[in-house]
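Single chain ahead, written as structure tokens, the form predicted on its own.
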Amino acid sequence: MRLSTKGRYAVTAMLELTIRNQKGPVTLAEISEDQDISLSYLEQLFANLRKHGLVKGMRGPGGGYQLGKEPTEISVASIIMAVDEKVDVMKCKGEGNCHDGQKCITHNLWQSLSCQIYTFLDNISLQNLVDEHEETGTTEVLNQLG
């Protein structure tokens, strides 16, 4: 499985939002500058994240984005799924038509792997990432994800 730029950027942006959460709303321009992610790309990602309740926007002076839930309640899998990414290694995308319209002989293996990856990512919250890397410093954590 290869996680696309969309999924990696979404997780990176959400982690930055988590780290900066105590200071109030964070603008997409700040995240864009800090993480070197296109502002228009972030706007697209955050539209989906907002639709799924993972972030909430605050308008006006001092506005920006804040987490829509507690960092312990937001999993890496939920972020990836919110930006329309799939945690799936199957060639057939789960449809079972991978070999001349039939399931290939390794279909169940790849289906099981996809489930394991999803479970793994679903058990990692934003708070877990922050806690795990607190000793290494915020910048290193964000650079590792980006």
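Position 1 is the first residue in the sequence shown; the rest follow in order. Note that this is a predicted model, so its numbers are computed, not measured.
Omitted here: the form predicted in complex with the DNA. The next part is about that form.
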{"item": "Candidate stretches 59-67, 73-81, 117-125, 103-111, one within 4.5 Å of the DNA in the predicted complex by heavy atom", "value": "59-67"}
{"item": "The DNA contact at residue 26 in the predicted complex, heavy atom, 4.5 Å", "value": "yes"}
{"item": "Residue contact check: residue 43 to the DNA in the predicted complex, 4.5 Å heavy atom", "value": "yes"}
{"item": "Residue 52 within 4.5 Å of the DNA in the predicted complex, heavy atoms", "value": "no"}
{"item": "Contacts with the DNA in the predicted complex - residues in 7-22 whose heavy atoms fall within 4.5 Å", "value": "9"}
